[in-house]
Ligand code: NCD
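In structure tokens, one chain follows: the form predicted alone.
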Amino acid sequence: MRSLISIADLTNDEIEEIFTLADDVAKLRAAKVGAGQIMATLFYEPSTRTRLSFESAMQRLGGSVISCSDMKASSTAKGETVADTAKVVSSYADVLVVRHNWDGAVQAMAEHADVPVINAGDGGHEHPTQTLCDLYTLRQEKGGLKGLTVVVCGDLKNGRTIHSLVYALARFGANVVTLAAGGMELPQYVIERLEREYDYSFAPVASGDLNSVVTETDALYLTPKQPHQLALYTQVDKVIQSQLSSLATGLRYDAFYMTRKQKERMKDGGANASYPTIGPEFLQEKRFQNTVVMHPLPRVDELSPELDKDRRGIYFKQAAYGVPVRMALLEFLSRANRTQRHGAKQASRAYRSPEPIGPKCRNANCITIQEPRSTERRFRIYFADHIGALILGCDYCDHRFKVDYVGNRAAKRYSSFDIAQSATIRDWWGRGELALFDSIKEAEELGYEPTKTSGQRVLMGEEEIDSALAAMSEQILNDCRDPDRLLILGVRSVGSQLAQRIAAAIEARRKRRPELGEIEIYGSGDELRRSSAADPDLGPLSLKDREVVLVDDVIYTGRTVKSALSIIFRSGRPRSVRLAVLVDRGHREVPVKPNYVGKNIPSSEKDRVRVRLRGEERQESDRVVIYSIVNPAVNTNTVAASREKSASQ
């Protein structure tokens, strides 16, 4: 059954096919291609344009509509699950159009429905039909998509329209400039997907020439044509910064895509965050004379009403295109299902835990967390060599997070994940023996024992670690031009603990604690945040013109540091970024050099070097250890005997 859950469900050619149908919807309307068809609209969140344009589209095609515009007045209020709703309503209609406040909920409904399901927006995840309208509008206004430069502006973290849009723009070869409100930057996994799947590079650029649009944030330029890797530099080079500023000045901006602040997806409603706006100044800028302004609507106060009468304000035209585009989409899906045409997104093998206890999605708004009865815990596995981690991606909401502990089900052994285990883990997965855990407690509750290690040696004891951190703290303070602008950022989790100790040492010398934050790569919350519960009036961390010291426990390939630096540079423009690590293993795959090092420990790829701090994994004292792992499945006699017994049975 062809449904539309993600923009990835359509190929570029299929999108063009939908646009061709939209160009000539008069024929579809005259032919009444939807005659006899019933569409059900199920909206768990408010909607004006999406719901009414879909209902108008079906009626113009000759079909009819049954609608639940407020699901609070449906059996949902009595506790009915999305799975049961999908099963029931799909027996009343030929296609379901669903909007839901939970990420991945529409995917869950599609799995239980007997008819095609169209995603009209699921939480902060995706909104593929809005993206079709956006692309069609750009195509109509600019004649094509390839090579356009589109500025996406505002809440890029929570805006589902943005997530679908940037993937689609990349597929069609457009350049993207992001102007995010503070703390609402494009998620790191989106940036890395653009780099990995579409060969996009990014460059932070000064936004001085965009002051008519935004004054509180900096720009990030994503392009397939002009690669820049400023984030590999731990110092902000003035020559490079000048080159990037020149690049920004020379850009031709084809469109600004504004979004409202998604207050309904924020804990505090984003009350303290500044927000970009487009006002009268924009209209007077000569360089924006041919730049169109788009908005998925509704707007709040980020667009001045003065733009309404200007030819460049095309957001009402954009909304009007919703009818022909959705007419074309309904006909496209009908044809695709009649001819059993398969979609673009290929089904990949999913990881399902072989144990009753296993990983859970870290996205609190995911359907698998909110209503597990309607779903299963199903993940895609990514061996993220760029940060030396094993990543799980939820099959429903696409939220990604690192796996901390891996186990072999046959041997009943577990260990912390190490990238050197990748080949072994792939083999376990292929044999159905791979077990993944969120914590040691989970593994041990299931009877798993720690993996045996050999040759463990203590490289640094508690006194040496304390001495190294004290020396690094003194160096940091001596190098700091303005201690009041110092920001210490730790890479979660051990790096964050070390950052707290460095901050405490600096406080002991200055009698004033430096500002402290942490970076979490593929975590469960904000990627860049304050490291402790702070005064809510402080708002998000500001990096602009700050002296930043990034702290991590061990540097080896440099890949984790590269990802952390990319988060820093797309979140603001610091005056400088310096790197402090407790242990440098001496190998490097990316050109990142620490400024402060506790100890250099040359080691081979087979070695594991771990910083173990008090309180972590039942650790009673601080120490740095080096060891190698004995294959968790080495107990071949026991395993082989178990398999022979199973085979004979």
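Residue numbers here begin at 1 and follow the sequence given. All values derive from a computational prediction rather than experimental measurement.
Absent from the display: the form predicted in complex with ligand NCD. The rest refers to it.
**Student:** Would you mind picking out the stretch of 255 to 263, 456 to 464, 172 to 180, 476 to 484 that comes within 4.5 angstroms of ligand NCD in the predicted bound form, counting non-hydrogen atoms?
**Tutor:** Result of the contact check: 255 to 263.
**Student:** Is ligand NCD in the predicted bound form close enough to 49, 127 and 160 that every residue in that trio has a heavy atom within 4.5 angstroms of it?
**Tutor:** Judged in the predicted bound form, 49, 127 and 160 all sit within 4.5 Å of ligand NCD.
**Student:** Using a 4.5 angstroms cut-off on non-hydrogen atoms, would residue 99 count as touching ligand NCD in the predicted bound form?
**Tutor:** Yes, contact at 4.5 Å.
**Student:** Give a yes/no on whether residue 372 approaches ligand NCD to within 4.5 Å in the predicted bound form, heavy atoms considered.
**Tutor:** No, residue 372 is distant from the partner.
**Student:** In the predicted bound form, is there a heavy atom of ligand NCD that lies within 4.5 Å of any heavy atom of residue 307, even though the partner is absent here?
**Tutor:** Output for residue 307 is no: heavy atoms all beyond 4.5 Å of ligand NCD.
**Student:** Just checking whether residue 297 would be counted as a contact of ligand NCD in the predicted bound form - the rule being heavy atoms within 4.5 angstroms.
**Tutor:** Residue 297: contacts ligand NCD in the predicted bound form.
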